[in-house]
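Next comes just one chain, in structure tokens: the form predicted alone.
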Amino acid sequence: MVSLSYRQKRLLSQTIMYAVAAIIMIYCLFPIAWIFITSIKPPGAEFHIPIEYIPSKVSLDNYIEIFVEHKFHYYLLNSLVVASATTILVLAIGSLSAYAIARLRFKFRISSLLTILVVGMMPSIVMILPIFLIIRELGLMNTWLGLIITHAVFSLPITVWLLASYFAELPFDLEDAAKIDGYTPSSIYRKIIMPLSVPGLFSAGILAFIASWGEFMFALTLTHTIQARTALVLITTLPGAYHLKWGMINAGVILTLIPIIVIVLVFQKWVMRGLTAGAVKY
């Protein structure tokens, strides 16, 4: 039996690790690559037999058609406005809730945090009927505001949890010193906690933006015209009654993915920090 040295064992383990990572990466990225390849084929070429894995001719007709015929830029604007406003609203409310739970001493604060988390784990499909009835009674059907409120409700639990984790890691000596200087809790929150928590707020904000951008079910249920519908909803309406324009559908998917890919690539450090937030310390 051949015995391996420590260096050889380490090299072998790294090789296996990289090979497994490469297989997982290919498995995850292949669908996106295939969607992109289909989107740059001339219309109708996606039905050719044999299948062209590498298009013989590159065409941007699908992208031009989705913008000219279906006004895709308006739907992208709706998605951007709703996701951005949702992020701002979630951070404003979530940071206050997280500050109270993580920094203030009151009864049932741990229970309240767990309750928020449990509510956030509730499947959204269970809430679709009551949310629809509430939004309709408020007169917010087919509006940005209706979507913003709905998305914010479902993004708040994870935002509160992440920010509470971040706030709990800040030293309490800062607040003690501020109280000696005459600061009130609201002043401590605005002038001390918030400036020190910019990385945590940024991380939670990115996750809230991505969640709102990718939300489909409520965007489909609560909107019905170009004035409020998001890009994801438009993509589902592109198939015709007797013909599937897969090239144009895939072009819409790629255009919808681009902002998220850019955000994750540019701000991946903050995204990972939000996903791997440590345990809350109380």
Partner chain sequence: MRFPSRKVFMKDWMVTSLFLLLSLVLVGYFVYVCIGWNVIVSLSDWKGLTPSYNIAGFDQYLSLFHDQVFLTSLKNNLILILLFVPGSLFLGLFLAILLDLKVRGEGAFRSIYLLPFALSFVITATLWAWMYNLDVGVINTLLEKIGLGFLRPMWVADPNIAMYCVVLALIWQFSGYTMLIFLGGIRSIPESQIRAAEVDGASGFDLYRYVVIPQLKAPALSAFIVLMVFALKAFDFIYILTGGGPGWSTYVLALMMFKETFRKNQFAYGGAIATILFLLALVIVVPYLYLSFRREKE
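Numbering follows the first chain given and starts at 1. We call the rigid core the largest set of C-alpha positions that still match within 1.5 Å between the two forms. Please read these numbers as outputs of a predicted model, since none were measured by experiment.
Only in words, not in the display: the form predicted in complex with the partner chain, which the text now covers.
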message: I have L12, V198 and I206 flagged as a candidate spot, so tell me whether each of them has a non-hydrogen atom within 4.5 Å of the partner chain in the model of the complex.
response: no
- prompt: If you check in the model of the complex, is P31 within 4.5 Å of the partner chain, heavy atoms only?
  reply: yes
T256: touches the partner chain in the model of the complex, heavy atom cutoff 4.5 angstroms: yes
Interface membership of D181, the partner chain in the model of the complex, 4.5 Å heavy atom rule: yes
- prompt: Are any of the heavy atoms in Y63 no more than 4.5 Å from a heavy atom of the partner chain in the model of the complex?
  reply: no
query: Only one of 80-88, 67-75, 106-114, 198-206 gets a heavy atom within 4.5 Å of the partner chain in the model of the complex; which is it?
result: 106-114
message: Where, within 202-223, is there a heavy atom within 4.5 Å of the partner chain in the model of the complex? Residue list please.
response: I210, G214, F216, M217, L220, T221
- request: Please say whether, between the shown form and the other one, the C-alpha of V20 moves by 2 Å or more once the core is aligned.
  value: yes
message: With both forms fitted on the core, check whether the Cα of I258 differs by 2 Å or more between the shown form and the other one.
response: no
